[in-house]
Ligand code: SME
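So this first bit is one chain, no partners, the form predicted alone, shown in structure tokens.
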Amino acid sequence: MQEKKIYFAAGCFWGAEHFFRKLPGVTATLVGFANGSTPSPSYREVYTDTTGYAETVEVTYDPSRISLTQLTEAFFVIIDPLSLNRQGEDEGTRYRTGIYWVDSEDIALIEAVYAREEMEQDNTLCVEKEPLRNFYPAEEEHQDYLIKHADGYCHVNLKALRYADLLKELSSLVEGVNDEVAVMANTAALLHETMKFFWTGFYIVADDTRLTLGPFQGPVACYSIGFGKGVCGTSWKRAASVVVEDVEQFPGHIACSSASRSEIVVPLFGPEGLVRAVLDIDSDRLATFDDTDRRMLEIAMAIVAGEIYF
């Protein structure tokens, strides 16, 4: 399938490029300046905030390996979408956030992710979404900056970068394998070893009433969980991820292990949007999981589902 391009303004382009280049299916990245008024601007000119440009990453990707929806979801992991002209410690119109497309067929997908984000935030987003009017590459010293300068400034949180590396490894690990149990087993092992979780595994939909234990890493676990019961059953019922800061405060919590303190459960969707299984991850510490975990694990489950169900 032919490669495509999408352009993301996500604050300082050093860290944003470093994040996107790690994602599976991304074949090339280029930092530069988008949607301004001065022809062929330099970094110094853009830095004055008088040119109208935003620091932007050109992302070239293989849509057969990563979708525009997944890329856009990943974009929202590394920005504060409610912050106007500021990301991290950087402030100015050059650091505004935006999604710029070159293919009109991409508009509907971008709009869908944008609308979901706006609903989750329950607020108007400070993120531009518009066609790419122009793009000029930055000077060579700014390309792959954090590879050339490992101690350079990066506003992207370290957890997001670790997940990006994990997603690339996961994509390679499961590519071409359509055995459900085998893929779940290796996925659980990779997540468990990489992120050092207390318990990591899958519960598989057995029938309309219960989930049954699938491949996992960690202490012994419950064999079966009912529809709508506990965190796993609730995620299944809602067909949505559930993040719990303190499992003791979750109504109807099923204590498979007394050492579990916080939990995240992410659905694995099959054809027609039906939940086929859930990924269950437990921590022995309170409030371990946040929005970065949720978003990146949802992308991970989309990668897994793409191999075993589609």
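Small disclaimer: the values here were computed from a predicted structure and weren't measured. Residues carry their position along the shown sequence, with the first being 1.
Just so you know, the form predicted in complex with the named molecule exists too; it's not on screen, but the next bit is about it.
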property: Y203, F75, Y100, W236 - the one with a heavy atom within 4.5 Å of the named molecule in the predicted bound form; result: Y203
property: Residue among C256, L30, V275, V243 with a heavy atom within 4.5 Å of the named molecule in the predicted bound form; result: C256
property: Stretch in contact, per heavy atom within 4.5 angstroms of the named molecule in the predicted bound form, of 136 to 144, 117 to 125, 92 to 100, 226 to 234; result: 226 to 234
property: Triplet F8, E55 and I79 all within 4.5 Å of the named molecule in the predicted bound form via a heavy atom; result: no
property: W199, heavy atom within 4.5 angstroms of the named molecule in the predicted bound form; result: yes
property: 4.5 Å heavy atom contact, A221 to the named molecule in the predicted bound form; result: yes
property: Within 4.5 Å of the named molecule in the predicted bound form: residues from 34 to 57 (heavy atom criterion); result: none
